[in-house]
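A lone chain, given as structure tokens: the form predicted alone.
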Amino acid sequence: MRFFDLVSLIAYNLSRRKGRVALTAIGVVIGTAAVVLLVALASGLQRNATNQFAGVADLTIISVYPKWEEAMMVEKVGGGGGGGSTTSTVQQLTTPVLKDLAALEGVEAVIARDSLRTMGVLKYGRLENYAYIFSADTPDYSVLGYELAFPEGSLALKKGELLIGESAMQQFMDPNWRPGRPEVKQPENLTGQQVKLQLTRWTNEGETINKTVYMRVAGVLKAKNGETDYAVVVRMDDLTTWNEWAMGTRINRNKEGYEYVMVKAVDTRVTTTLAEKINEMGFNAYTPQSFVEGINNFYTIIQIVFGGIGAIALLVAAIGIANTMTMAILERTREIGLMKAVGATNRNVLSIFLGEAAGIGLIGGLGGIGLAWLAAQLVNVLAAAYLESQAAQMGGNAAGPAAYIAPWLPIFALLFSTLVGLISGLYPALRAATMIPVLALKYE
């Protein structure tokens, strides 16, 4: 029997009993829709969680620190008086180490970090701000994923310029304000404005020495619920000069190194591997991507569990298909005997009934996918407002669909429902194929 003849015969047989086929297929529709919708909900939650986290942290950045917790302090005991000193064997993030990190495969950039090691007060008119001041050794801060709150600014710092976080800009206060006096209005946009940075150090005698530096605000950093929100970012050469003034000595990067280093990977797929290699070099490496991978693993388990719950409905539908096919064989026993009498083989009969069972699964699968798509659209509409409010509170990316139907999911659901129908019809089809023609023709 040719393939197209077989398909035509299967379609004809199914059309002869439209009501029974439709009722049986409804079970498959419900089961398939349950599988698709539940897995789509888990996929949507996973994508939104990953997307929101990516909006707060750059997933290609690896933060590298010295292993201070494993530092071995060796005490050198002097003769006679018991005086001594201590030395640390912890490996520092020196300039040669930065070159070794840059040579690792998959590294796009290595950016040293340092922070102000003395007290600094940012002043704008009568207002003051005790912001966290740090620097990353890069000519353009767009490489770190920083964004400007106002378009007129720039992320490329020149000497004597700084970037200020949007939240930090709103934290200026008047130290001379007293109850009853009018409050000084907070600046709305400091881009292009000049501010004063007052640095303070203390001598061994306890005397206070101040130093005032005039800085220009190159831009205001967009708030992202991250480190830069309440921080001030300056150039590395400016920061090094201030730290050397505060400590009263020059900083040797080949010996003392940097506070910590940011390693930027070329892609998020190699970030975790790079972090493991850096840990093996004797440093502490942390990347937000490892947390995201943990989220993905958790939601993968959720998808499997949800898919299993939906598959229970398909199991019930499978019993219905088996029952329908068994009844069909009893009703068509003489027809089966006639088919065999005119030359149909056991394989032909088996193929016809298996095809009919698979056809019911296919019809139910198509209906289930359509029903799941409609339900997913309804869920997305109802959840859109809530997800947008959550994204606004977190400061992350815009919320995506609550139920996301991946391209592979409808294909998998259709194949699975067809396979369920095929397996359900296996026993009835075998019964039909093994019937003795003479007995089948005599069946009443």
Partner chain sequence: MGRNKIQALAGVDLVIPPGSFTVIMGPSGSGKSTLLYLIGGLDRPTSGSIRISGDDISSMDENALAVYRRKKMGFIFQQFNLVSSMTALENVAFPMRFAGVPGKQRLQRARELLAKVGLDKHARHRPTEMSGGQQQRVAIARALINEPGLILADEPTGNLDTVTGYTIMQLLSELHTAGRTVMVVTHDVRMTRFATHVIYLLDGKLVEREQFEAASQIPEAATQPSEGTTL
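Bear in mind that the values here come from a model prediction, so they are computed numbers and not experimental data. Rigid core (definition): largest C-alpha set, two forms, superposition within 1.5 Å. Residue numbers count along the first chain shown, from 1.
Below: the form predicted in complex with its partner chain, not depicted.
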Taking heavy atoms and a 4.5 Å cut-off, does Gly248 contact its partner chain in the model of the complex?
-> no
Quick one: does Pro175 come within 4.5 Å of its partner chain in the model of the complex, counting heavy atoms only?
-> no
Report yes if any heavy atom of Ala341 sits within 4.5 Å of a heavy atom of its partner chain in the model of the complex; otherwise report no.
-> yes
Just to confirm, Ala285 within 4.5 Å of its partner chain in the model of the complex by heavy atoms?
-> no
The unique member of Leu199, Ile352, Ala328, Leu148 whose heavy atoms fall within 4.5 Å of its partner chain in the model of the complex | Ile352
Of Ala22, Ile423, Leu9, Leu430, the only residue with a heavy atom within 4.5 Å of its partner chain in the model of the complex is Leu9
Pick from 333-341, 216-224, 93-101, 127-135: which stretch has a heavy atom within 4.5 Å of its partner chain in the model of the complex?
-> 333-341
Neighbours of its partner chain in the model of the complex among 269-299 [non-hydrogen atom within 4.5 angstroms] | none
Core fit, then Arg216 C-alpha moves 2 Å or more between this form and the one not shown | no
Is Gly145 one of the residues whose Cα moves 2 Å or more between this form and the one not shown, with the core superposed?
-> no
Look at Arg332 and decide if its Cα position differs by 2 Å or more between this form and the one not shown after superposing on the rigid core.
-> yes
